[in-house]
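Okay, so here's just one chain, in structure tokens, the form predicted on its own.
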Amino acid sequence: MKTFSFLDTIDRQLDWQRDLYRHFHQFPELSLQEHRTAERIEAELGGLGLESLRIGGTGVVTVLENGPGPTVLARADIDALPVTEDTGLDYASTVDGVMHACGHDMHLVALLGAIRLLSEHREAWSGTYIALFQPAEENAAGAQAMLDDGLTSRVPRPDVALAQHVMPAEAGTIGTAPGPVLSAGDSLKITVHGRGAHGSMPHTAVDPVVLAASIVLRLQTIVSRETEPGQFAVVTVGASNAGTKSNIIPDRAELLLNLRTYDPALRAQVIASIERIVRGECAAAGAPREPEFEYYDQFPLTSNDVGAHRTVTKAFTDHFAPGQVFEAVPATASEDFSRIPDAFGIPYAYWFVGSVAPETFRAAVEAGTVSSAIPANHSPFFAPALDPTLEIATRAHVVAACAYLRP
């Protein structure tokens, strides 16, 4: 380790962090219901002699002021998912149908660990450190809830924002990349209208089941025929719902879509194509009413500022051993973190932390089975290797912050 020697004291607090991680993993809470989670975070901050603010219902913020210098905001998400855990861990979720299947428990404990290190070693840095524990990332509501509750006026304006996410990569490694690192995400409900009739009399109907099927097939051409080769876009039809009985032609059908893009212009193009195709198919079928489009769970693009990425990546490569820091490939998952720095008008850096036991990951790489043998985020089998993931994630927060908070 080449910099920030005070981080050598991390061993003194890892047992505390491990216990916290097991606690949060056992008692997960869904988006905007993170009441016990927020209370425990506040209690831990109080134990460190720090005050906290409640912002956005279950969001928690603490501010460490430590002399002149820049202001850094570090964020961790805290919500869990409606997934039934099947990891077999002795500290598995005790809540039926709810699980920390995306590593947010790791995120919040790593940030708590970073707060403790920075609080106990104020001689090593100067400036202001804002630690933000955000609810409801999974449904894209938490960042906006905190902003709606006055976040930008209730804390000092940061100069940069930082965040990280555990991923199914080798534990002990950190992945960084400039520009887009997580896609924009949009969910969409489309309702198309037909004319109902008896199943034996299709000539008297406008069949929305056939209409929906035509739409599903035609939507596949958006990526294959309308998107320039080399550009990234995903259009997934996750559900098609219509009818109640075999001999009844219903009067409507619903499609649930999910879209992922890295480029705002391409996103607009894909949305326009979807609406054009749906309206065209409805017209071709003689639908009696115009289709309806309802957009929800919309995630912004996460695109790293080049300067912030350069600063943070250099700090990582200076601190961690050769080979631990790698250039990440953008992920197709989505996040709402960027809404916070965008609201402040500041740059941000977002990186990935590996979470799979090294021997397990390397064996999967050698066998060519990473995508099938390694449980990904949101899987009921997702179980980050507690060590060294927790230590690396904690170190990463401190190293990234101290790249700016020099004494």
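Computed from a predicted model, the values in this text were never measured in an experiment. Don't overthink the numbering: it's just position in the shown sequence, from 1.
Same protein, other form: the form predicted in complex with a further copy of the same chain, not shown, and the subject of what follows.
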Kindly indicate whether S214, V235 and L257 are, all three, within 4.5 angstroms of a further copy of the same chain in the model of the complex, using heavy atoms.
yes
Quick one: which of 318-326, 280-288, 83-91, 68-76 gets within 4.5 Å of a further copy of the same chain in the model of the complex, going by heavy atoms?
280-288
Report the residue, out of L147, V223, A141, V95, that has at least one non-hydrogen atom within 4.5 angstroms of a further copy of the same chain in the model of the complex.
V223
Could you spot which one of R195, R218, H121, R310 gets a heavy atom to within 4.5 Å of a further copy of the same chain in the model of the complex?
R218
Using heavy atoms and a 4.5 Å limit, would one call L162 a contact residue for a further copy of the same chain in the model of the complex?
no
Whether T244 contacts a further copy of the same chain in the model of the complex should be assessed with a 4.5 Å heavy atom distance threshold; does it?
yes
Contact with a further copy of the same chain in the model of the complex for I248, defined as at least one heavy atom pair within 4.5 Å: yes or no?
yes
Contact of T191 with a further copy of the same chain in the model of the complex (heavy atom, 4.5 Å):
no
Members of 343-381 lying within 4.5 angstroms of a further copy of the same chain, judged by heavy atom, in the model of the complex:
none
